[in-house]
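Before any questions on binding or motion, here is one chain by itself as structure tokens, the form predicted on its own.
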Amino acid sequence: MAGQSRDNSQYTTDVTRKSEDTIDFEIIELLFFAYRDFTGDPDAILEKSGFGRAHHRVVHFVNREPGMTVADLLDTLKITKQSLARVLKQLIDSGYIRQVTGPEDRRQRMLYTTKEGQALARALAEPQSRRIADALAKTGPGAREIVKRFLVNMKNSAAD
């Protein structure tokens, strides 16, 4: 099973050993498992409405930045208009997001969560927030700042 050490030395070549010296498989696997568990609780909630992780990201960012434009959301999520259109339509049709024409530019579409959307965003964030708080508490003093710095440095430099 991945994530557990095994002695496979009889099968590894010198090239493989050298690459393993420079590749941090342990951290890579911990990130995979942490992401799986971090998204697991919200996935179960979303599944009840026939939604997925793309819906989660849209609800999250629109809730965090009410009035953001579709263009801003596309830039934040780094997805295509086509991908966003399907997800956004489902969220609007389901009553979680509302779309308003921009006050100065009628082509601009501003996005807001409805009360239902705000409740969904909160329901999705609560188990994630608990998981983060528990992990930080177990990590010790100063962990939040170290984790934040680590995550900021993991992002592409051009990203927000």
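Residue numbers here begin at 1 and follow the sequence given. Everything numeric in this text was worked out from a predicted model, so none of it was measured.
Form predicted together with the DNA: not shown, discussed below.
Visitor: Taking a heavy atom within 4.5 Å as contact, would all three of Arg131, Lys148 and Val152 count as contacting the DNA in the predicted bound form?
Guide: No, the whole trio is out of contact, none within 4.5 Å by any heavy atom.
Visitor: Is there a non-hydrogen atom of Arg57 within 4.5 angstroms of a non-hydrogen atom of the DNA in the predicted bound form?
Guide: Yes, Arg57 lies within 4.5 Å of the DNA in the predicted bound form.
Visitor: Would Ser94 count as a contact of the DNA in the predicted bound form, using a 4.5 angstroms cut-off between non-hydrogen atoms?
Guide: Because no heavy atom of Ser94 falls inside 4.5 Å of the DNA in the predicted bound form, the answer is no.
Visitor: Heavy atom to heavy atom, is Arg36 within 4.5 Å of the DNA in the predicted bound form?
Guide: Result no; Arg36 lies far from the DNA in the predicted bound form.
Visitor: Please determine whether Val70 contacts the DNA in the predicted bound form, using a 4.5 Å cut-off between heavy atoms.
Guide: Contact check for Val70: yes, within 4.5 Å of the DNA in the predicted bound form.
Visitor: Quick one: which residues from 96-116 get a non-hydrogen atom within 4.5 Å of the DNA in the predicted bound form?
Guide: Stretch hits, in order: Gln99, Glu104, Asp105, Arg106, Arg107, Gln108, Arg109.
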